[in-house]
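Shown next as structure tokens: one chain only, the form predicted on its own.
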Amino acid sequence: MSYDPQPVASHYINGEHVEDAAGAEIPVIYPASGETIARVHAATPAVVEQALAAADAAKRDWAAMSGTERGRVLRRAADIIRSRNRELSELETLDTGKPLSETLVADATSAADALEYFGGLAGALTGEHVALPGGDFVYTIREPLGVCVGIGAWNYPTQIACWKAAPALACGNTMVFKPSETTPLCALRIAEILTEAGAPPGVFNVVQGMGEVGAALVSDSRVAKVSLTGSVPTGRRVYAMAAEGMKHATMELGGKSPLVIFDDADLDTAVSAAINGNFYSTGQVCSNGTRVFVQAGLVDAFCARVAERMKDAVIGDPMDEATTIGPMVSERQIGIVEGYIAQGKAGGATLVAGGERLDRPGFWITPALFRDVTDDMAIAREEIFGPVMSVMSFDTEEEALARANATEFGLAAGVITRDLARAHRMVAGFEAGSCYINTYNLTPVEAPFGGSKMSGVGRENSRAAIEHYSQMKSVYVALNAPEAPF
């Protein structure tokens, strides 16, 4: 460990570090060793009130700035993040256990991309002029919503903080962000960097805590918008709470996404996509394509090649850039994964490779490859959020599409084939928000990201996110005298 990950204080409010030791202590556990490397305190009601009051007080002046001025702050923050990528990546690795080979290219860099993209867009957020017969016209004004609450998940703490903060701040909103209690460290650094980049006090605030802190934030009458990244059960609760106050809401939830591989596919393209869609970040990615439908003629070759390439995975010290598989994030999460692997075996699926807990400190498990999986098995129906690939055989395109859509989830879907007409037919038929052809799990900030069905509502990233962090006001301008019936 190259430095002490203990933060200056648990919370960041109104441009300053804030501590209240009366809040419940939250240990920060390094997944690679199981050791406690830092501690923070959950926000007390007084801290929650302080954060909401700061965001509420800051919203008027921040909204009154031009979009160009706000964008300048976001772009400066992006530059600072890029200049400190290694330090921030190391902190992300300590927070999550993800190997440095991933965090150096996929976490702080993605956060910087979001701040840069929305920083560049901020000055272009304008309304429109609508001409009407007779000379009257309507113009529209794009306005911020006000105070936004962001609630993060533990798998991408730096990225998620910025995926929410960047469009919110670009539109002139302020934000109170609550990271997952499992990974509380990285959002504090983002808050510090935004202040350094020129964000006024109160524009972006971070408070720690569990569900009750999130509930206190979501239910507060000063909050206009809630954005959650998390599980479907949590999303149901938060969405219902937001609806009580008629708050705007974006829910980016879980999935059990299909990856359909036809027998004309390039084998290594298919295997690479499946590895990325199942084992990247030790399987802890919401959009993972964990139901891998392989056309019957390719199943044997596909499973053999996946098993062969799994031998090349380097499971080791996450701080070693040669490592490609890190630990699970927590004892709880590895227990869930072990339970599903046991269910897969008991249910009749064939464990081709992996799926073994390693005898070492921390939360280590080898990626698991199952074949002979049927649609009714738990490992094919329920989100595992771990490195478990379930391979299912299919015969026809129509069968594959029907089975791919036979789920309550609809976050992502992918198809691997050399037949591009078929690829486009498949993505047209997928009931999913984010679809891939001949690749999987790439999420550039320029593209909308989000799900359908139980996988959520709304979109993150791209211009689409602007619609979820702003509202339109219409102004009718009469150049003619109004007519009245009497």
Ligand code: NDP
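The shown structure was predicted, so the numbers you read here are calculated from the model rather than taken from an experiment. So that there is no doubt, residue numbering starts at 1 and follows the sequence shown.
Only in words, not in the display: the form predicted together with this ligand, which the text now covers.
Interface residue among 390, 89, 278, 180, judged by heavy atoms within 4.5 Å of this ligand in the predicted complex: 180. When this ligand is considered in the predicted complex, only one residue from 211, 361, 339, 120 comes within 4.5 Å through any heavy atom, namely 211. Only one of 318-326, 295-303, 366-374, 227-235 lies within 4.5 Å of this ligand in the predicted complex by heavy atoms, and it is 227-235. This ligand in the predicted complex comes within 4.5 Å of a heavy atom belonging to residue 385.
Remark: residue 253 counts among the residues lining this ligand in the predicted complex, judged by a heavy atom distance of 4.5 Å or less. Among heavy atoms of residue 153, some come within 4.5 Å of this ligand in the predicted complex. The closest non-hydrogen atom of residue 170 lies beyond 4.5 Å of this ligand in the predicted complex.
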